[in-house]
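Coming up are structure 1 and structure 2: the same protein chain in two forms, each one given alone as structure tokens.
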Structure 1
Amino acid sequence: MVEIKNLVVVGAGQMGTGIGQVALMAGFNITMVDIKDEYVDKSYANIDEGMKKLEAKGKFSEGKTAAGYMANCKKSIDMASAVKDADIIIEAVIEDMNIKKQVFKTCDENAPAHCIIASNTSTMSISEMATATNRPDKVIGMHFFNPVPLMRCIEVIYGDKSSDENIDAAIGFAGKLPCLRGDRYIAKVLKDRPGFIVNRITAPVQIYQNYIFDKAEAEGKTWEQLDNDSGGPMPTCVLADYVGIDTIYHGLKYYEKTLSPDFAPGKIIARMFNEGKLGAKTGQGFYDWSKGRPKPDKKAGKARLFKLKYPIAIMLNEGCRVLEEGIATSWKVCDDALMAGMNMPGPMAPNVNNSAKQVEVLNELVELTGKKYFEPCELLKSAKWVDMK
């Protein structure tokens, strides 16, 4: 099995930076790669800032310092030479299959033969990326959640040709990456299907959100009022801005192509994407982020449009599809991954005695929205999923 010492992260945005930081904290040598000096400089500065914060809080073991860790952090805008000593590469560039394949091709041509090449894609086919290489057994998915240092889940994903040995090496590596909020949870994803486990289960909630965003605008409600309907660690519009409207838009386009036309981006998301209002990263999305993360004011009142019973039924149905398609074999893995990836209770355990009721809710939602994707799947209707612990 490959011994991992050197990690190269290609794509020094928010996700890549988080991945680089936790790998550095675990004692790996890292190189952050991007296409412009300003991007890698910013990423390096953010990692440095995070490490200094941890040092100031006394989080490092005896003799370790932020400067000591940073000595193992390199930056580069020359991907071909940066990967020449890599044991593992994690690609975290934008969600564009052509760009990802180009990255995989360059990495494959220049990295040592033993090197694993992983993608941090949120949705896209690992197997398709592998076709750009001559090492499909060493191409896998490693999907992290934002912010990487604080979210416990990492999905390790089989492409059609990934070998067990390389998946096991990646799981071993992932397990060493610290999380500031508890133990890492590694979810093994058995099939390369759009969205894997966590994003797949939450993906169709976005069809419902598209419906709600449009309705809120038509009825003159504010995003703050809409966010006051939901709550949670980050309410709907804050989380959308935080994840990035571009990431959501590209994800929806991909699901539209691979799962159902019902996923087509709604009017609001498409408009924000086209206007470049991408959320936290551009300073403006649903909210203005210039003064930091927005906190919806409770005094603004509620829109009274978002009904929690629908996302719960939608996620249960999608969890059953995840099991039907063999992406995971246990509903407990689905629930645990959701909690570790999004700090959100999974939809399955609370519904073990409740399939019939949720089938009714889904049928009601099909009536309300006209979206056939919400129709209950066979496994949910049969209630046989409850035995798949």
Structure 2
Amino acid sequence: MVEIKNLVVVGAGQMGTGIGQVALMAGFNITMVDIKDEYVDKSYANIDEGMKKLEAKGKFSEGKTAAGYMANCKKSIDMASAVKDADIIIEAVIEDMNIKKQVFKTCDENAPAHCIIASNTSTMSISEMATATNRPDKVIGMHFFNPVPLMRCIEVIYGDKSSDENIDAAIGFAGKLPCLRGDRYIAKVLKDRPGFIVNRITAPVQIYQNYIFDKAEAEGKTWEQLDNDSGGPMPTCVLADYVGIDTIYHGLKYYEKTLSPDFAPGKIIARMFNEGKLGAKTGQGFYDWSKGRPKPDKKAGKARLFKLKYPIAIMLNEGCRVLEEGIATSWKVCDDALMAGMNMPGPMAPNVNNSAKQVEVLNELVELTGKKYFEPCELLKSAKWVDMK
């Protein structure tokens, strides 16, 4: 099995920076790579700032310092040179398959023969990325959740040709990466399917949200009123802005292509994307972010369109599809991964006695929206998923 000492992170954005920081904290040598000096310089500065904060809070063991850790952190804009001594590479560039495949090709051509090449993609095919290399057995997925230092889950994903040995090496590596909120939870993803486990279970909720966004506008409701329907620390429209309208749009287009036409972006999401109103990152989305995170005014009232019973039924159905397709073999893994990756209680355990009721809710939702993807799957209708604990 590969002994991992040297990590190269390709893509020095928010996710790559987080991955680099936790690997540095675990004692690995890391190199942050991107296409411009300003990107890697910013990433390095953010890692340094994060390490200094942890030192000030007394989070390091005796004798360890931020400066000591940072001595093992390098930066580069020359990917081919940076991967020469890598034991594992984690790609964290934008969700564009062509760009990812080019990264994998360059890494494959320049990294040592033993090196594992992993993608931090949240949705895309590991197997397709592997076709750009001559080492498909060493190409895997390692999907981290944002922010990496705080979210416990890491999905380690098989491509079609990933070897057990390399998956096990990656799981061992992932398990050493610290998390500030408790022990890491490693979810082994047994099949390379869109969205893997966590994002796959939550993805169809976006079909329902598309329906709600478009209906709200058609009925003259405000986004504040819609957000007051769902409430929570980050309600529906605020969360969409925070995630990024472009991220949502591209994700929906990918699922539209790989899972069902029902995932096609709705009128609101498509319009905002085309107008460049991408949310927090551009300062304007559903809300104006120029003065920080918006807080919907409770006095605005409610749209009375969003009903929580539908997302719960949708996620239960999708969890059953995850089991049907062999992506995971236990519904407990689905629940645990959602909690560790999103701080979201999973849909499975609360519904072990409610399959028939949720089938009714889904049939009602199909009639309401016209979306056939919400039709209950066979495993849910049979209730046999309950035994797959």
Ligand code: CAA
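All values reported here derive from a predicted model rather than from experimental measurement. Rigid core here is just the name for the largest C-alpha set that superposes within 1.5 Å across the two forms. Structure 1 provides the reference sequence; residues are numbered from 1 along it.
- Structure 2, rather than structure 1, originates from the form predicted on its own.
- Residue displacement note: Asp227 has its CA displaced by at least 2 Å between the two structures (rigid core superposed).
- Once both forms are overlaid on the rigid core, the distance between the two CA positions of Thr282 between the two structures is 2 angstroms or more.
- In this overlay on the rigid core, Ala218 has a C-alpha that sits 2 Å or more away from its partner position between the two structures.
- Once the core is aligned between the two structures, the alpha carbon position of Lys291 differs by 4.5 Å; this is the C-alpha shift at that site.
- Relative displacement of the Lys302 Cα between the two structures on rigid core alignment is 3.1 Å.
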